[in-house]
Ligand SMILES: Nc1ncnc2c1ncn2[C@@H]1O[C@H](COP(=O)(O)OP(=O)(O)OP(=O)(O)O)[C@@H](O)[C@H]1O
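One chain comes next, on its own, written out as structure tokens in the form predicted on its own.
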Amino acid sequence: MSQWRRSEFTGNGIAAGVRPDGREPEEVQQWLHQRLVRQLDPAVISDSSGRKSREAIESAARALLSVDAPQIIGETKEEIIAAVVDEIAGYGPIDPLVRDPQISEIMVNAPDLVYFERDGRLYESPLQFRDAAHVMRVVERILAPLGRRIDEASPMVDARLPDGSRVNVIIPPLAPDSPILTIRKFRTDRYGLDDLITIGTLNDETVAFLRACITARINVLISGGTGTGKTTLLNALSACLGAGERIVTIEDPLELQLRQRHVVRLEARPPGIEGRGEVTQRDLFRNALRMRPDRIIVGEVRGGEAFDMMQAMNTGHEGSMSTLHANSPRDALARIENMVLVAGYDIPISAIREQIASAIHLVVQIARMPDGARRVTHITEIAGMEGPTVTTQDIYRYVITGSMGAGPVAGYFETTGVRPRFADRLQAFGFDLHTETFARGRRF
């Protein structure tokens, strides 16, 4: 069989041009995969995300099995065809997870260790890769259309898929046990504020308050941990923006789904293979200020753009919004302070804190509960400065009363008795204020 090139053999030594008589289904599957890759039009494979391409691959697979492996029939045949189509046209063994609309995140920790997130909870999947090389083949197939590469010289990649999903890959030697693949799926079923009320993230009153804040051009920072729903909440609140406003969004990567017509989307760019060509969010923010924005929305503030954002908020660009990774409103302010310091600004800490106190009006803290549900836990006003300290005061908070065993977390929203300093501004924009609106201890 010396006439066959090495690449034409499967892992079990079956040449792609040899009939797989009497072989095990797994060996037949590998043979079929090799044969299809050799024979199919490259255009079909490169465009394999479409339904017609999947149908073409499936049809070719059936024809090959019928001629060269007639002993494979019934359910076994269907399983082999489905696996090969997923291998060529999709994401290999995890393709069913990628196509499941209820799954929000997929994590491949090792060839035989795959997890996924559904409704805020993690589950282990029975799906497996054959080995680390199999994982790498799927990774390379994902990255190739994106113009990205991964190897020992560049062992980490963070990229956006054509559908908006985010993919992160890290390989040996940085991940010594196995290539690690994480996919955060892009949801097309955008949540609105009414949806967040239905699932308990907010309620009618807190939504009415936040809607008034957005309309009244209050600067809002959404804070929370990883996977708590910060971007979902920002998307929902963006529906309150006026149709006549020019909105500029700055993201890394693109995740927001604003429905207004007058939206300009800017996306940061990582450095190229040669290490050049990087465009940071801070670069984009500076450019955005020259684009006559009415509102600037930063998908997630991460670095030096924090200081530029606060300056913009203080110089006429009110009503801006952003998200931030932090576990409490107080932690959010400390993180912004650290971002400015790490960015290398030669500014006293007292001046940075004064910028924070004057620029940011409201912090909305969101968290994921033990049952997987997302809840806004605090709506906190930045009240100003007391000596060298930025002061905060909760306006609303979520009180957890317990859970029913493994069931949902029980709790309620309550007012703290604090009337925000901008309450009169909210009333001027139509928010219904009465004597009990901010009364202490009112539960709802």
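Start at 1 with the first residue shown and count on from there. The structure presented is a predicted model; accordingly, all values stated were derived computationally and were not measured.
Only in words, not in the display: the form predicted in complex with the ligand, which the text now covers.
- Contact with the ligand in the predicted complex, defined as any heavy atom within 4.5 Å, is confined among 189-197, 328-336, 263-271, 168-176 to 189-197.
- Within 4.5 Å of some heavy atom of the ligand in the predicted complex lies at least one heavy atom of residue 255.
- Contact check for residue 226: a heavy atom falls within 4.5 Å of the ligand in the predicted complex.
- Among heavy atoms of residue 300, some come within 4.5 Å of the ligand in the predicted complex.
- Put simply, residue 249 is far from the ligand in the predicted complex: not one heavy atom of it is within 4.5 Å.
- Scanning 206, 355, 201, 320 against the ligand in the predicted complex with a 4.5 Å heavy atom cut-off leaves one residue, 201.
- The partner is absent here, but in the predicted complex a heavy atom of 105, alone among 100, 105, 112, 158, sits within 4.5 Å of the ligand.
- Residue 374 is the only one in 362-386 with at least one heavy atom within 4.5 Å of the ligand in the predicted complex.
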